[in-house]
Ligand code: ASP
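Next up: a single chain in structure tokens, the form predicted on its own.
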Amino acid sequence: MSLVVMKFGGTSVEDPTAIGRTAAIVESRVSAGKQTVVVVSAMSKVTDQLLRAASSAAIGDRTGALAISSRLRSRHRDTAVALVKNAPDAAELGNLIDQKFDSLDEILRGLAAILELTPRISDLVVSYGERISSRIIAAAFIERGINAVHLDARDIIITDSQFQRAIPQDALIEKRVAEHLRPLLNHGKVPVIGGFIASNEAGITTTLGRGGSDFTGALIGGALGADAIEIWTDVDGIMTSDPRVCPDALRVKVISFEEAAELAYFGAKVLHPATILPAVKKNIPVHVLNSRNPGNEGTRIISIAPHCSSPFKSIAVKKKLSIIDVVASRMLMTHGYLSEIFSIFDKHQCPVDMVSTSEVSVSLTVDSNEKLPAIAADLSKLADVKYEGKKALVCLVGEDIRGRNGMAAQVFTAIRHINVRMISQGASEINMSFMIDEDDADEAVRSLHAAFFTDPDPAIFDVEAQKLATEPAR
């Protein structure tokens, strides 16, 4: 019997209608004889509202924080009432929701008293989104005849104690999955698990970082040795570019793990950058699918994708970046100089996206954040430093870019009307990236898309959908 792990994002569980669609999709997998594990996010926008409540409480706005909690309580109770009609089950679920929100309110009152929001408390507060949504969804599944059972993710996803972006402990996860999850599957159950949340070995709640529900699905899929991992969202799959920027963007039918990881890291919103790593280790195919259009085949992510006659698979953009220029005319080639520079970024826990060096300078790109002044101050002890914000990194991903003659000329001819600040080519066989002003990003993507996707490979891209969209109505 094949085993599938299905992860549903916030928009796929945002209200009773969406949860009904999700239940139908899960039921289709169960009816097909598949062992099924379901991982769910918090309802859409709930995590943001929980963070807002915590921040309000931490500055002493107890009334505002509790008002947010009250609205969330009502939303979850109304959703439960709409989904669960069996009176005893509905009463039990309603009581559980009230208990969870009573507990949350106590935490918010405590924050308003101590006026300090630590990463540990932040993780505890935001965990309520998935803890409650997974309970409601499990009950809704049972109401519809699915043999569902709720399982707390904190019992199986074990991490270190790096709150807000905890690192999973693979060996412990595999052990817990074997102990707690595998027996449920063997008894024909459909486990429903909240994504994003976890705990350390002491049982203290942690989280995997924003977008971590995808990561939860992949971790569970890897630990179970699943036959497939399905990421259900509100788009038809990975696209050649953001459809909001390029209305003629195409769905990518199939892509390699490596290409998908590059796109995820460099701004593609469909996947969490770390999502596919557990799948890569176990060679488990990942399918990106649309819960609002479940008949669409989505995008399949596999180890080695078929050859593509088109040079690129997709264009991603990462905005809100800064360029830091470090200039030291006589120190660049000094032994240990680059190590000193990168040790400063390590000290401030600031990842670097792109690096370019010349004889006298080093340029680096980083996410724009409040740490930049402190980073610049430390760097200024080594050399002259300046930084510019409001930059965007445009990344083109495809196979064997480095081996295609004249590719760089074609790319930069397509955007010859746009000033390019930094270029990275050759570091990766599948990625060509460059840095431009953020205001020019959309125009650059449209120009590149027009230049490279006029004759797409029908084996890789959903050309038929494009034809149907452009054919005149009869």
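Sequential numbering from 1, following the sequence displayed. Keep in mind it's a predicted model, so treat the numbers as computed, not measured.
Omitted from view is the form predicted in complex with ligand ASP, to which the following refers.
Using a 4.5 angstroms limit between non-hydrogen atoms, Pro311 is distant from ligand ASP in the predicted bound form. Taking the partner from elsewhere, Thr365 is found to have every heavy atom lying beyond 4.5 Å of ligand ASP in the predicted bound form.
Though the partner is left out of this view, Pro191 does not reach within 4.5 Å of ligand ASP in the predicted bound form, counting heavy atoms only. Though the partner is left out of this view, Gly212 does reach within 4.5 Å of ligand ASP in the predicted bound form, counting heavy atoms only. Interface residue among Ser447, Ser69, Thr47, Ser56 relative to ligand ASP in the predicted bound form, by the heavy atom within 4.5 Å criterion: Thr47. Only one of 22-30, 412-420, 430-438, 38-46 places residue heavy atoms within 4.5 angstroms of ligand ASP in the predicted bound form, namely 38-46. Of all the residues from 119-143, the single one having a non-hydrogen atom no more than 4.5 Å from ligand ASP in the predicted bound form is Glu130.
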